[in-house]
Each structure stands twice: as C-alpha cells, then as structure tokens.
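One chain is shown next in structure tokens, namely the form predicted on its own.
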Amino acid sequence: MKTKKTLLILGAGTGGTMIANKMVERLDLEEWKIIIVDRDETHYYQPGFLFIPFDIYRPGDVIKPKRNFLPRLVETVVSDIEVIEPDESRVKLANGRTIDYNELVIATGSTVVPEETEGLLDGGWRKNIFDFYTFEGASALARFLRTWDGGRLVVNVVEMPIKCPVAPLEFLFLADWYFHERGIRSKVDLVYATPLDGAFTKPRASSILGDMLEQKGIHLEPTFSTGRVDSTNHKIVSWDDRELDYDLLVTVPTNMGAEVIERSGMGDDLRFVPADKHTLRSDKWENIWIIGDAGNVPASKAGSVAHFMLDVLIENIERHIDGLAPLPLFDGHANCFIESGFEKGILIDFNYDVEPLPGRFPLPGMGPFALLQESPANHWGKMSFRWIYWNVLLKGGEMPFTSQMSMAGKWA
C-alpha cells in the first residue's frame, strides 16, 4: 500500500480551520492525508468577546464545537503539542504520538500573557483588573460591570503587537455608550493608555479616531509603555515613571505566540514564527507556512487578515508541492469594522503600503459601507460578521472582495 504524504496543520482556530476546509478540496486525497491538531474541542468567536462585558452577546453566541467546522475527511487530533522538530519534519504530541509531515501549516495563534507584566496578577486580577481578550476575562468583566457605579476606568495596552489593534478603541466607544445607557456616564472617567503615539498605528486613521475619543470625552494617554502595575495603590506605572490611577483597569496584556513555538526554538522574542511577509513561508524551513496570528509578519492580527492570507497560502503550498517557488502575493490586506457605539461604526481597509483612506466599500461609489466615516451601515456590517464567520469564513467560503487590497472606491 502506497504511503500517503501528510499536510499537518497545528491549530484549529480561524486560520487552521479555513486551510483545512480549502486544502481538502485541493489536494488529491489518494496521495495526501490532512491532519489537524488542537488542544481542545471548543471554537471561540473571538471578535465577540468585545460585546460580552456590555451584555450585547452571551456566551452561547461565541462558542461552538470545532468539529462542526472541520471536514470529515480531515483527521482531527485533540492533544497538546509537545515539540515541533522542523529539521526532521515531525511533530511530537503530548499524547505520545509522533506525526511526520511533508508540509506544515502553523496556525497556533497568539494569546495574552499577563504574567509578563510585573504586578498585573497580584491582588487585583479579576477583582478590579480585567482583560477582555479571553472568554473568561470578558465574562468576569461583564459580571463586574453590572454593579459598578462609576469611577476611573483605564484601558491599557501593555505593548504591541496585539490581536485586533482597534479592539481597545471599540471597548472605550462601547463603554461610553453603555454608561450613557445606564445613566452614569457623568460618574465615569474614561482613559486610554497606549504605547502608540496616537489612537492607532496608521496616521490618518489615528487622527480621526483620536478626534472621536476627544468628542466622547475619553482621555488619550499616548506613548505610555507599561512597566508595572501597583494593584495595592491602584496605579499603572510606565517605564519612564509616569503613573496613572485607576478604579477599574481593563488591560490588554502582552500578546505572545504559543509556548510550543518557544520550546521548539522556532520563534522570536514574542514566540512568533519569523516568516516572509509576502509569501507566508518560514524564513528558515521551506515546507513550513504560517497563517493568522502565529507569524511575525507586520500585518494586523485579525480574523479578516487570516482570510486574506488564505488564497495566497493555498497557492504557495501547491506551488511548493509542484517544485515551484512561492509567489509574493500577500500585501498585508486588513479590513476592520470599528464599533463606535450608539449603533454606528467605522470601516477601515488598508495594507502594508496604503493606510486607511476615505471612500466606499466594497462597491466603488455605492458602498454600502463608508470608509473612515461613522455610519449605521458599518455597525450592522460589524454585527452581521458573526453569522458570516460561522457560516462562510470558517468554511473557507468566497467573500465579495479579493485577498489583495483594491484602490477602487477609495479617495486618495
């Protein structure tokens, strides 16, 4: 019996699930087998974590079984990963199994690591210090906010890069709306402390988003690089000794790649896999690829970006199988709806070289979505994305725009 070649996918989150669904249609399954490995069986709709603290989404809205979205012809293995041995093209699992591979896709994502910041886990954690980038953190914060009667709420990004760079801004905009709805906005002081020199990474969008913060009475504290948290005195302290008092701290802790990347000697200082930003292939190993948050490419770490990576990655894996060089087709395309409260939102569309511009999307001159401008349509676009995620995006379905960013409809 002929031994089949193996495409091994590590991680069954957004990126891993999409690549499994696409490759099961593209590979000859008489010659290839596809194996996907993940540590647990629960799939989280991570963009939905933002809405849990404000009682817009409930837990059932963001949780489904991973197996619901994986093809039956893909072998699914539930196990931790002990180590990747890229020079031998094999992976050892915590359950004792060793899997040899011909092509490896690393889709292990990123996670928050609060222990990286001195004092963050001391005393106040899940009491008056919360994250919302995890299901547990968002749920605990929701319980806290139901009875909180006001004070100084500081949203702090410890360091970049982070998943979904606009999410801290969205949290503040929704907090402004939420406390208005509860009739206590005048009792809440909202502060955004960020290591960036403005509200966002891209200058034009940063200016517009910064103006929105000001209009909503949200104080921006830029270039704040968090050194430690003094939970006893309710302060965060920057590396240059600036102090910010808080009654409630909502933190975006350091984001890092999976621990197995570090154990395997494959990552940078933040455990992200170095990869070519255009081909998505590992800088060191020709048969290893990244998708989503696992790599160090300078694109936004967001679900839409993983989807834009998908077609490029598929083509390059197939080219490598056929003995051809990968094509540098990924342009860093990112597309983000920004919930701004009061049933309005903003949409930004950009890539490595082009910052967010005003215009209409996806149909030039028609929209229905306005770029770099608040509108109800953008809010409903954001809210409809959950259905699209579960029913189209995860299954690798076609979306009404290309992987590469288009200038059509944008006003330079």
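Just count from 1 along the sequence shown to find any residue number. As the structure is a prediction and not an experimental result, all values here were calculated from the model.
Separately, the form predicted in complex with a small molecule exists; it is not shown, and the next lines address it.
Undergrad: Among the candidate residues 263, 228, 319, 143, which is the single one with a non-hydrogen atom no more than 4.5 Å from the small molecule in the model of the complex?
TA: The residue in contact is 263.
Undergrad: Name the single residue among 26, 39, 58, 67 that comes within 4.5 Å of the small molecule in the model of the complex, judging by heavy atoms.
TA: Only one listed residue qualifies here, and that residue is 39.
Undergrad: At 4.5 angstroms, heavy atoms only, are 49, 81 and 132 all close to the small molecule in the model of the complex?
TA: Judged in the model of the complex, 49, 81 and 132 all sit within 4.5 Å of the small molecule.
Undergrad: Consider residue 385 of the chain shown here, and say whether it contacts the small molecule in the model of the complex, taking contact as heavy atoms within 4.5 Å.
TA: Because a heavy atom of residue 385 falls inside 4.5 Å of the small molecule in the model of the complex, the answer is yes.
Undergrad: Looking at the partner-bound form in the model of the complex, is residue 109 within 4.5 Å of the small molecule by any heavy atom?
TA: Residue 109: contacts the small molecule in the model of the complex.
Undergrad: Can you tell me whether residue 216 touches the small molecule? I mean in the model of the complex, with a 4.5 angstroms heavy atom cut-off.
TA: No, residue 216 is distant from the partner.
Undergrad: Can you check whether residue 105 is within 4.5 Å of the small molecule in the model of the complex, heavy atom basis?
TA: Contact check for residue 105: no, nothing within 4.5 Å of the small molecule in the model of the complex.
Undergrad: Among 255 to 263, 153 to 161, 194 to 202, 231 to 239, which stretch sits within 4.5 Å of the small molecule in the model of the complex, heavy atoms only?
TA: Only one stretch qualifies here: 255 to 263.
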